[in-house]
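Next up: just one chain, as structure tokens, the form predicted alone.
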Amino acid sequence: MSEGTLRVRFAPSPTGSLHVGGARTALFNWLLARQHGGTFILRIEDTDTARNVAGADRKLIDDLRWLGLQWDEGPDVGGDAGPYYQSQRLDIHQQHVRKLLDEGKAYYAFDTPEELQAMRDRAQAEKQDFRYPRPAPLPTDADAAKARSAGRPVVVRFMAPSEDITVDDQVMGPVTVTADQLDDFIIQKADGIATYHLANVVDDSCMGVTHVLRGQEFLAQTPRHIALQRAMGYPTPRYAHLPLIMDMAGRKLSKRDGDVEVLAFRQAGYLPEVLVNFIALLGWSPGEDREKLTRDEMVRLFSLDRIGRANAKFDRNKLLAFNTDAAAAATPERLLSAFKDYIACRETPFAGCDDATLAAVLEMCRGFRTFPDVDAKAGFLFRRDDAIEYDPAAVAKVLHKGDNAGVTMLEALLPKLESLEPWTAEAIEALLKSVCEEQNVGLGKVAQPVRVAVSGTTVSPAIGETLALLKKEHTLARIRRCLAVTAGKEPNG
């Protein structure tokens, strides 16, 4: 294959957010195109109006862009093979249906749903597989017009070939379907819209697609597509059907095992480059026992012959470990950019913070796994003073234990903190250390009561940095409120 001639496509239906299985399909197509200097096409297959979800196409586009999988042709970027919304290609599909009818390779059918069900019931009673009985002679245009006027549904069926069809799959190997297993399937519905089978084949051919990488669930339909290609005189692209993605129990991945949509992982605070690296390994192996890969390394190493036939398993613990390592290794600039994206796509207490503040929070929370950990550890800093809710277990353990030792410590610290200047992490740490020496106690006996007072829990970044970022007025206000709450003078939360 000459450089640049390879053309692949990702063709999702706008029925919801991008599933990780779809993201893997898009990624593998993108990697193959980038490795060969080819073209990656995005096509929105939106002709099934009953299942379309308003705005889902934009969500799919946003998900792909967040993953960094930019397309060369498609919505928002154009191209010579458009339109790239299937609903805008109806005339093209109808022309192909008309040609198949004129050449005697397709025919009209007028059966009602009840009549079709009766045929299936008879076949089942006779213990036979149902195959639609091809009429003889074939109905004419006049017959179709008469059926429509009578209110009957008029569809167009493709005349299945009388020969076996073998799918020479690049992953699964040769898969043969015998002629007696092929049926006269519908290629145009009663509303005049082409079915998935015809639209998919026509659009792939018109767009010059040379390789089709898609999920294994489509393999059973591929013989129909090859039959259509042969009937229309189109070349057959190379097919590669990707293994299924299962959960760790060996079941097909679904929401019962947790979130499975790209947007959910984005909102859960994962880095997009980590998710891309992880899903690349779902069925594909780069070799040499390698797992952590940059995008450029994936492009260089990707090949169809290293995609396995066995089902892949989605190991959430492994993904979390990947993200923990990547966050620890990331530059401050990369973390800040990703953190701002996380803040923009969900409700957090960090909204409105400037870059310097966010960068300081990230540095204080180094070692986190995903961005919600940052919220759990430092989010309290950006909530209202009167919105802090004191955890009863933390109050009992730190403030009330030992005859209210923690409360007594806060009462002793309050005037010292009120007079402290300058209000810096270093000065705060020095003050707390001096109190430890005066009272001959460990730092925990001093810092933990303050931590509970300002956060409501026993978890926060280093106490000096925490109070410095919280600022003096808020620190004092929270300590005073904590003392009032523990004395029963104010409600908790």
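The numbering used is simple: start at 1 and walk along the sequence shown. Note that the structure is predicted; figures quoted are calculated from it, not measured.
Here the subject shifts to the form predicted in complex with glutamic acid (GLU), a form of this protein not shown in this document.
Contact annotation: glutamic acid (GLU) lies within 4.5 Å of heavy atoms from the stretch 195-203 in the predicted bound form, the single such stretch among 404-412, 301-309, 97-105, 195-203.
Taking Y85, W423, F185, F218 one by one, only a single residue has any non-hydrogen atom within 4.5 Å of glutamic acid (GLU) in the predicted bound form, and it is F218. Only one of R224, H93, R214, H211 lies close to glutamic acid (GLU) in the predicted bound form, with a heavy atom inside 4.5 Å, and it is R214. Glutamic acid (GLU) is not drawn, but in the predicted bound form it has a heavy atom within 4.5 Å of A11. The closest non-hydrogen atom of E45 lies within 4.5 Å of glutamic acid (GLU) in the predicted bound form.
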